[in-house]
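One chain is shown next in structure tokens, namely the form predicted on its own.
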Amino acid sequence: MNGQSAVPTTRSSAVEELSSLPLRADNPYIDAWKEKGGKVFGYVCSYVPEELLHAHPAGLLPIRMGAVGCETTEDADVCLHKYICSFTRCLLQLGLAGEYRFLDGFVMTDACDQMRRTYEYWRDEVGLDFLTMVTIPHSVEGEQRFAWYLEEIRRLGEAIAERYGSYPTDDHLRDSIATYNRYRKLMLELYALRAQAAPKLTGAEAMRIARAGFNMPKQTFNDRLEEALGELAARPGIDDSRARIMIGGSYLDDTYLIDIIESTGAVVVTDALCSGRKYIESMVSEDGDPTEAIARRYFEHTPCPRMIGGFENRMEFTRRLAQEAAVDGVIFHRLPFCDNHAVENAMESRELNKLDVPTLSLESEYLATDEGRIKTRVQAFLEKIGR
């Protein structure tokens, strides 16, 4: 099941297919995987080791779960207080509404306390064949914390093996590592096309392509992305944008914010999002024990401000991306009640301002609302920086 996934659809350009891939139950790749007897496992956090799921002999298709298209949280609000972030509530809403009924398993983490709060509802109200929680240390300092995370990863593999059969062999894991490293290298090429003086694609297009990578078999996505890179490279590029913008902050997989920014004439040329550049940064070592190599990469790549310490590394990452893409300004977004990003966004804004990089901080719900207010603030920001 870890090979190519044939999908009975009319072949289109790679860019067109990836940027318009249907989500959830309408996704033809998920349908084809299930029809062939494969299992589909969802996860919601960058600390879930996708390679371990992908390598399993049972044929697991890992997908990063989102809630794009959610229009109400009325059912989830019965379970969760309004003071819990809207992404968490939207995701639970889709679960309660049956949008994720195709899932066989769900791997959660305690990286976010608000997401952790939903564990019992996914277990008791949604109901899945397999549900587990991976606990994550709050610091990457010290080998004892890595040992903790490594043990959690081994327990995850053992729990899946107990339910669905044998643990992946080292060869399975090494093949999976190679597949995902190729994925990351190709995605970095996509980011390079965005960062050119005349970007080859918009930020919204890039996010839709990245989202497709969360929702189809990685080998197939890699091949289609390689084709897409050739198609994009042949484009003339965008040479009339009003401003080059970078976005960062809370989890974001819906293009609505980028659509608003780009409707002003600006173009989003890079990001510092855990669903974007942070997710693909750094490779897994292909030497030594493969499980330990996977754990080491996920533990040390530190995409999230929930980690105690590590701000300087995250700040240097943001600074580097801003410089590589020659941005005119950075827009930080956060979901209400996401305190970690509220503090991190303010700290990063302060440091960027010292480098004469203008910043704007926005707060909005995960649901696509309040377009007028956001657009007004973006337009005012561009005028302030002379764009």
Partner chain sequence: MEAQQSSLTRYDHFRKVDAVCDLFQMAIATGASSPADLDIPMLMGILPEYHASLVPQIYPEVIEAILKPKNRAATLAHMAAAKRYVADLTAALDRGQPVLYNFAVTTPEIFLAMDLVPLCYELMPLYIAAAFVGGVDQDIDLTEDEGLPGHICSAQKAPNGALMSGKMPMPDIMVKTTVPCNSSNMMYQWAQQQFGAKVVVVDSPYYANRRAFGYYVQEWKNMVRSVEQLTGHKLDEERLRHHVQLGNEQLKYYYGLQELRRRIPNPDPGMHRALDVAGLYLCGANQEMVEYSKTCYREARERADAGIAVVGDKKEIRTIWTWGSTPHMLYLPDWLEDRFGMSFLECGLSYMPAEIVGYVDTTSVDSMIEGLALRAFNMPMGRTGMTHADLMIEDFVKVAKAYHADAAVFSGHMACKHSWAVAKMLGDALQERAGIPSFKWETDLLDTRFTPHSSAKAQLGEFFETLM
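Positions refer to the first chain, counted from 1. Nothing here was measured: the structure is a model prediction, and the numbers come from that model.
Note that the form predicted together with its partner chain isn't included here; everything after this is about it.
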| item | value |
| --- | --- |
| Stretch in contact in the predicted bound form with its partner chain, which is absent here, among 282-290, 175-183, 78-86, 225-233 (heavy atoms within 4.5 Å) | 78-86 |
| Ala197: touches its partner chain in the predicted bound form, heavy atom cutoff 4.5 angstroms | no |
| 4.5 angstroms heavy atom contact with its partner chain in the predicted bound form for Met133 | yes |
| 4.5 angstroms heavy atom contact with its partner chain in the predicted bound form for Thr255 | no |
| Close approach of Arg314 to its partner chain in the predicted bound form, 4.5 Å, heavy atom | yes |
| All of Pro305, Ala346 and Arg350 within 4.5 Å of its partner chain in the predicted bound form, heavy atom check | yes |
| Contacting member of Glu300, Glu151, Asp259, Asp129, with respect to its partner chain in the predicted bound form [4.5 Å, heavy atom] | Glu151 |
| Position in contact with its partner chain when the complex is considered in the predicted bound form, options Val40, Ala32, Ala342, Cys45, heavy atoms within 4.5 Å | Ala342 |
| In the predicted bound form, residues of 364-384 near its partner chain [heavy atom within 4.5 Å] | none |
